[in-house]
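Two forms, one protein chain; structure tokens for each follow separately as structure 1 and structure 2.
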Structure 1
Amino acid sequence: MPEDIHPKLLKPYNPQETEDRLYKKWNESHLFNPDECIAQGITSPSAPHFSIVMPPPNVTGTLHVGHALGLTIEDIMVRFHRMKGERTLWLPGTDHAAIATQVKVEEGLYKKEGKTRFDYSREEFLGLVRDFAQNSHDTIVNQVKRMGASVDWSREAYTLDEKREKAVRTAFKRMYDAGLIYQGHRIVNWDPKLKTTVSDEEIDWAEEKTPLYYLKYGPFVIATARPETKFGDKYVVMHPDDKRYAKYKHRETVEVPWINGTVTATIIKDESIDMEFGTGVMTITPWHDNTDFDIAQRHTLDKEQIIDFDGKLLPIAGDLAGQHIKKARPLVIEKLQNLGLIEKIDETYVHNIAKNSRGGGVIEPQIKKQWFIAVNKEFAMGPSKINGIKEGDTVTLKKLMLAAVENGQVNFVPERFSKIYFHWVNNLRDWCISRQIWFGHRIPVWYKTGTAGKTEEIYCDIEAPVGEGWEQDSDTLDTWFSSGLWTFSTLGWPDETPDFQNFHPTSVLETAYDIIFFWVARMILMSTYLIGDVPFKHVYIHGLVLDGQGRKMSKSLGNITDPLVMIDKYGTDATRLSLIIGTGPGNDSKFSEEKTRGYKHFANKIWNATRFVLSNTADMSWDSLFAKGANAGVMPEYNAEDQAHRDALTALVVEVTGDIENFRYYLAAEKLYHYFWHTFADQIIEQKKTALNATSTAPEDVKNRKSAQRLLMEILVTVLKLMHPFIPFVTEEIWSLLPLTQKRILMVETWPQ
């Protein structure tokens, strides 16, 4: 082995010794920051920009394997565009995740001390939540760094910090003044366990086998799985085309014996009724069911509350008032049986019940005064960069959300997810944005109460009103309200900052398909209204990460693979490759220790091949490999065989570049893996050993030896650059060991042309 080979290369590659050191080197270079890249002449102020915001992890714990996949994809994007010389910004941050974080803290308090938040003052409890969030944040930041994420830490944001607070209040104020945020009584998803509303998208549906009760309701038989909600039912609804009930007229009344005595029931004909379900006729409970509420709205029917906000029956239930609905059901059934009002019971019925995804509480729909965003209200459009919509046009928020994707300004990758987006937006209801929890952005509305106990004044603004007697609304905003502003609040909006002007709209949003509704749609809503432009140009969707057997990872199966454990064992590069190879956009993928272990061998293969190349090119000038202008031509000419290999390398550069530009990261990574291992290491190096070992001084033998040396050098340099976005640590370490005097860190070297 030649003496000038770096001593590090004489030992096996050790990611544990390398990765923390290299990340510190990158970070201390400040070249994650696009401003510093301009200052150091690495890119130009006039170069195209590439910007993404990190989907902010919730400060509820630690990162999981899905986060690791997202970070890998985003880092590939960013390192590629940075090497292309673009003004590249990857802005990091975390999400306060209001309900999720508060639930974590409350569960811990109850488990440890048997206390709830109501055992503390609001500020005392919020102090506990902030401490929890900060500890989680610190853990997450360390994990993001372990993944090699080249984010600009100088711009780190938090959805609940002071700058985002200003953005949230500005957005609320503008939408409130425009009449797009309103307060009203509508049916909402109420969680009696957490004592708060939750959005439709925060509900998990679980199958439940339960009896279906067929009850006698005067001349009708109705089917219900929830007899405990039926005390106030005084409307019987049927389809207008149902011949079985043709003799009954719309709005006709009939006297029927019921749970607590005779009621006057009104016949309602409505086309929403499923004639095939049960007997084709139903009574409705407008206060506690979304479908029933809609029917009541269409026909201006009365609505009466049966269940209170703690899940207990109200006085309308008579002698069962105060009973929790779980305990009330068998008592109601007993009462109905005694009255002879049960026709039959189907014990095989299966239906879905709604549960809060945070905390697991069973949802009880309630009509409650809440804050909403009106998605169907018309207004005059302000300044607009939305194709087909100009300033002054009459639009709705829903129309803006549809237009941004319909006109191609926002593109989904894969495109099939746009259909899911359109279906959701077309069926979008007014968005309930208020939550009855303590952690989060408090609604910027204040009330002044008069002597009679009535509200005399309402004040909405960014800052609190001056003077005494004002009390702020106790509710907080849905966490998706603040995260909906993420692409522009992180860049300084509502101020016209250089970052906002230089990097918005962002280039790509990378996220999982399960939050298209939660987040992607709401970001488009907020950006198109508040800015008059789209938040991003592309939405790259990744799927779920499954275990090696193709099963969803879960604690119950005991198959959760911690990416940080894999990093500790096999290194970040191996972990990243195991996440990205075989993972097409929008598709679920498999991740296992066996797969990760295999890619650890790849890092060693690159290391060993580098040692071979350096040991066989010690007499060559590596700097001349990059000679330009007057120095060009210093390197030896290729022979025909090596020129063919050089042409194949050029084709690889073109293919890999095209794959990355078109979001085919899995293909690019796989091609590079196979090229390096099977073409370069197994074939080309083996083929060139004869020429490299030749001692003859014959001109042809010398030419072939020099041609082989140049080929090995050029392939190694080129492929290290191509592989860097995928496996940044081992490539950067090897790059630092190459005998090049004129080089920057690999992270900002020029992408091969």
Structure 2
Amino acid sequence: MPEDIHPKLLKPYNPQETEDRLYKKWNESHLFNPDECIAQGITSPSAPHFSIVMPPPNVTGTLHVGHALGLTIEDIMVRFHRMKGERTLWLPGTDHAAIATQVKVEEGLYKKEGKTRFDYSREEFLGLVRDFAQNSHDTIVNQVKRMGASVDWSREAYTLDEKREKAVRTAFKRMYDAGLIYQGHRIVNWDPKLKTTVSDEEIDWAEEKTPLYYLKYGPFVIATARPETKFGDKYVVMHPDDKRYAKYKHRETVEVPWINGTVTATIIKDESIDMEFGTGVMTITPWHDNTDFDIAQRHTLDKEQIIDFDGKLLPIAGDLAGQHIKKARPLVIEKLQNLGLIEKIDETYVHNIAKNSRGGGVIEPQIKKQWFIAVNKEFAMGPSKINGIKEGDTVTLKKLMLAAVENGQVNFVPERFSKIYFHWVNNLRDWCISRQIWFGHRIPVWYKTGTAGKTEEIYCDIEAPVGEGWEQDSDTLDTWFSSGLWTFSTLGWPDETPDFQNFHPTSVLETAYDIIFFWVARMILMSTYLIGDVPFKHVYIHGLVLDGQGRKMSKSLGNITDPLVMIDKYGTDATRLSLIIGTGPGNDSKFSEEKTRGYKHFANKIWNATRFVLSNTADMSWDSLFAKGANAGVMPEYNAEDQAHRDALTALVVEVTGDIENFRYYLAAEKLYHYFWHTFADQIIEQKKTALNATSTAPEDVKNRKSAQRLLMEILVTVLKLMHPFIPFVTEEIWSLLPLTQKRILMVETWPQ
């Protein structure tokens, strides 16, 4: 073994010794920052821009393998474009995740001390949440670094920091002034446990076996799964075409003996009634049911609240008032039985119940005053860069959201996700943006209350109003309001900063499909309205990372893979490859530790091949290949066989470059793996051993030897560059060991052509 081989290469590759050191080196070079790349003469100021914002992880704990996959894909994009010489920005940040974070803290308090947030003042409680969020933030930042993510930390953002607060308030005010944000009494999803509303998207539906009660209601029999809500029912609804009830006229009234005495019931004919279900007749509870609310709206019927916001019955329930609805049901049944109002009970019925997916309780729809964004309200478009929509055109937010994708300005990868997007947007209802939790952006609206206790004045602005007697709205905003602004709030908006001008719209948004509605759609809404432009050109969607058996990873199954554990065992590069290879865009993938171990072997294979190349080229000058100008050496000539290998390498460069540009990371990575191991190591190196070992000084032998040496060097150098976006650590470490006198760190070397 020649003496000038670096001693490190004599042992197997050790990621544990390498990775943190290299990340520090990259970070301290400041070259994650595109401005520094220009300052250091690496990137041309006139180069095209490439920018992505990191989907901000929730500060609710730690990153999981899904995050690891996303970060890997994003880092591949970013490192590739940076090496291509583009002005490349990857902007990191975290999300305060309002309700999710608050719930986490509340759960902890309850477990540890048996307290709820109402045992604290608002400010005390928020202090606890902030501490928790800070801890979580620090953990996440460390994890992002360990993934090798080449993000510009100098631009790090948080959805709840001061700059983002300004953006949020500006956005709110603009939409409020335009009449697109309004306050209204509407039926919302109320969680009596967490004492807040949640959006439709935050609800999980679960099946529950609940008896279906058939109750006598005057001349009718109605079927209900929730008899405890029926006290005040005074509308009986049936389908207009139902022949069984043809003799009853719309709006006709009948006297009906009911739970707490006789009521006057009004007959309503409505087409939403399913004639097949139950008896084809039902009574409605508009205050606590979406469908019933809609029926009541259509026929302008009275609505009455039955259940309070704690989940207890109101005085309308008579002697059951004050009972919690869970306890009230058997009591109502008993009462109905005594009154002889129960016709029959269907015990086989399965009812769908709505639960708050953020760890809350069973949703009780309520009519409540909330803030909404009007998605169907027409307005005149402002300055527009949306294709097909001009300034002054009459549009709605929904129309803007559709146009941005229909016209191809925003392009989904894979394309099929645009269908899901369209379907969702087309059925979108006004977005309830107010929450009754404490952690989050407080609504920038202040009220002045008069002596009679009535609101006399409403004020909405970025800053609080001056003067006495103003009180801020106690609600906070849905967390997705602030994340909807993420592509531009992170770049300095509403100020016209250079970052905003340079890097918006962003190039690609990389995210998981389960967040298309929550986030992608909301970003398109906010950006098209507030900026008149799309937030990003491409949306790259990745799938779920499942366990080895194809199951979703979850705490209850105990099948969660911690990316840090894999990194500790096999290194970041191996972890990244195992997440990427075999995972097409939008498809779920299974995580396998075996696969990860295999890619650790690959890192070592590269390491060993490097040792072979270095020890067999020690008598050659690498600078003859790579130095420019006066330092350039004489390049050995290729023989025909090696020229063919060189041409194949060029073909690989073209292919891999095309794959990366077209979002086929899984293919590019696999091709590189295959080329390195099975073409370069197994075939080319084996084939060249004879030429390299030849000691003869015959001109032909010397030529073949030099040719082989050049080939090995060129392949190694080229493939290290090609592989760097995928496996940045081992390639950078090897790069640092190459005896090149003129080289940058690999991260900012130029992409091969």
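These figures come from a predicted structure and were not determined experimentally. For the two forms, the rigid core is made up of the largest set of C-alpha atoms that agree within 1.5 Å on superposition. FYI, numbering is relative to structure 1, first residue = 1.
- Legend: structure 1 corresponds to the form predicted alone, while structure 2 does not.
- After superposing the rigid core, the Cα of Val256 is displaced by 2 Å or more between structures 1 and 2.
- Put the two forms on the same core and the Cα of Arg155 is off by less than 2 Å between structures 1 and 2.
- With the core held fixed, Lys115 shows a CA shift below 2 Å between structures 1 and 2.
- Its Cα shifted by 2.9 Å between structures 1 and 2, Lys243 is reported here after superposition on the rigid core.
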